[in-house]
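A single chain comes next, written as structure tokens; it is the form predicted alone.
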């Protein structure tokens, strides 16, 4: 009798896995159909449709909506309640489009802006670590890097059954590592040691290092800085924004070059290179820039994350 119960249990597990697989395949096919339909539209029509869908979703997602409104009100107390609410919906619509554009990355041709020193880093083939943020087209930064290098690497949070079936990262010459993988950081470390250009979103909450963001104490992920310091790679910052006509612009700037690298003039902090800059100092610099950029383009940043956890 015990054997029969075990067999029944194994059968139930197998059936559950099969059902899950069928659901995933069905969902993947449905997403493919939706994307296929969207790509038949002009990019302008796509943007209008997806932005409106995003705003509608925010209207019904009360918890997400209230968090966005609270975050904006705390960050920009000079705004009226109506301005805060309008900004929350506008930003959510723009971010919805920024997320969905990941499905047709190969079609996007970003305009790239950087100074000559940063351009030399991007063209050197020696790799770099790039801190980016949830702004504009979310994957435009690794896409822009792929224009310079065959080793553009990033983390992805998209379910593997979707990413594997559509393969839109590799179609854009980007290596995507699953963020939920237990060895994700070691894979990034290996890629960085092989002179890859690693771009990671760093504007999420993570209990790794203390920073001040919009005048409030919070914590931030330090992985990109650790990678840069461990493999002695330049640390860059990059962000993407949408222009009014829908075109994507990507901006790169150099934050730090290790003191043992030969061309220390690449860093705006070159006069401070004699003393090793700490992870906390670099993350503080990153978040100061993030805040400045967000204040320039507040309707293109995703406000709904719980970034100021106590």
Partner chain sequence: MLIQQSIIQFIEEKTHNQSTDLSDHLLNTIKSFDFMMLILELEQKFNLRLPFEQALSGNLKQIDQFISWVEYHHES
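Numbering follows the first chain given and starts at 1. As the structure is a computational prediction, the values presented were derived from the model and not from experiment.
What comes next is about the form predicted in complex with the partner chain, which does not appear here.
Within 4.5 Å of the partner chain in the predicted bound form, a heavy atom is found for all three of 209, 222 and 229.
Checked against the partner chain in the predicted bound form, the residues 96, 73, 172, 189 give one hit for a heavy atom within 4.5 Å, which is 189. Checking 106, 119, 193, 79 against the partner chain in the predicted bound form, a heavy atom within 4.5 Å turns up for just one residue: 193. Look at 127-135, 110-118, 86-94, 181-189: in the predicted bound form, residues with non-hydrogen atoms within 4.5 angstroms of the partner chain sit in 181-189. Among heavy atoms of residue 253, none comes within 4.5 Å of the partner chain in the predicted bound form.
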